[in-house]
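Given as structure tokens, the chain that follows is alone and in the form predicted alone.
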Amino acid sequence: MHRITVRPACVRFTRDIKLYGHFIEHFHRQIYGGIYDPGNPLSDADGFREDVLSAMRQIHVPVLRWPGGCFVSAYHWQKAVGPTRTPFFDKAWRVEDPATFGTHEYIKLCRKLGCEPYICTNAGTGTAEEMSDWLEYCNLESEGEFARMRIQNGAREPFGVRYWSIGNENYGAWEIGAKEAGEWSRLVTESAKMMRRVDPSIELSAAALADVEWNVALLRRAGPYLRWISIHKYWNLMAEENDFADYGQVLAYTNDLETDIMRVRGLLTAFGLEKRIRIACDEWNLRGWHHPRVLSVEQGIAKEEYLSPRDLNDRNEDYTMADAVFSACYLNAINRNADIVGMACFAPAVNTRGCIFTWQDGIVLRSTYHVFDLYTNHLGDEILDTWETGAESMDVTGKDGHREQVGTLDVLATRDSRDGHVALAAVNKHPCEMQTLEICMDSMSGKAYRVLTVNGDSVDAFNDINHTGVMLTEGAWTMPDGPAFAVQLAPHSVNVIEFET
């Protein structure tokens, strides 16, 4: 039996709320026809879908990264501000962008959500000067050409954007304006230098990956200017083939949740920067986006080859309890590393592989949405010290055919710094067997608990238009029968065990 001993008085560290952030890009229906849909009866006067805004507020989105993604590496922000917008051909995704959603609309969206904006700049075809000009536009009161341009465009007060990222995945051959390690470190340094002279209060990140050569060059030169280092991770990569890993194969990925984090942590520690620079996992999802023959050398010619296949991203039946279980395990992992991971952005928030799906007459809340609902509304911000014994494992086969052992339960203990209430996240990864978790917590003796669960009737349960297969349910309050008591966890379930204060 898996037994966890929780020490509510022993706090390891406090996690940053930005771990539950999201990302939105100018790709397919994420923005146009997604969260931004002027003319739809469900949209407000500014063109934003009110049902989407309500759903995002429910999960307390703390930070929203924009505009890309690969899109940003050929994006020139001035085309999408002011009364006259210039539609342009997006060379990343090979479609025309009408430029009706730009900086002002994004800031308005963030204000409607009550979240922090996080702007990713063009470090592909852009320059250090263009990046700093964008910052001038957003943050300076009235000095200079670009602050006055913002005022002329109707925003008297500065936007006050605190978080900025230099570049997206500029280490990758697929990215427009890809760079070598030394070239990248110099561009980041010069861009950061100019941006911080515009506004020294900003917090800068730069595109990185779990690679020694890339990060050593970046940290040696640009380290003094940075407060974040950005890493991306998708496990089930499907750019060319929309080949979904099944439940068992997804479980194998849960052995790889912390690999990149630990490698980057080690590099930051080696440089003595672990107290000053934090990790931003600012693009993550189990499933990579499907966009065949567009980021590859061989391009699709007919739109049926490269454009229409993107609709496959929005098949709701593909987002099952596998996605929910994996996402919960990843959120547990970054909470356990919250001393150095300070931000994470689920990619994306809306449509594609997102947790919210839009259609003309409403929305669908996919399985992953309910995980965010559970975690943001019921877990605490303090990560507690625990001792676990009796952990069990099971055999699974990865997508590459490799057999490996995976832990059956994934448990995280938290406490809320505001009212002291304790809550445990407990994921039962087993596809078909109930698991027993024994909880030992002397100081909580005499306090009732309840179990909140995200689950469906099978590992393949999903939500769709007029179909609800995955939901969040709340159990009744129960008195434990002693300082050590057992909780039964249903198969393929995500749970929070919440104690009364």
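Everything quoted here is computed from the prediction, not taken from an experiment. Note that residue numbering begins at 1 and tracks the sequence as displayed.
We do not show the form predicted together with a small molecule, though everything after this point is about it.
Trainee: Taking 69, 93 and 232 as the candidate spot, are all three within 4.5 angstroms of the small molecule in the predicted bound form by heavy atoms?
Mentor: Judged in the predicted bound form, 69, 93 and 232 all sit within 4.5 Å of the small molecule.
Trainee: By the heavy atom within 4.5 Å rule, which residue out of 101, 184, 289, 164 makes contact with the small molecule in the predicted bound form?
Mentor: After the contact test, the surviving option is 289.
Trainee: Could you spot which one of 283, 323, 97, 410 gets a heavy atom to within 4.5 Å of the small molecule in the predicted bound form?
Mentor: Of the listed residues, the single hit is 283.
Trainee: Examine residue 174 and determine whether its closest non-hydrogen atom to the small molecule in the predicted bound form is within 4.5 angstroms.
Mentor: Heavy-atom contact with the small molecule at 4.5 Å: present for residue 174.
Trainee: Please pick out the stretch from 218 to 226, 165 to 173, 384 to 392, 410 to 418 that is in contact with the small molecule in the predicted bound form, where contact means heavy atoms within 4.5 Å.
Mentor: So the stretch in question is 165 to 173.
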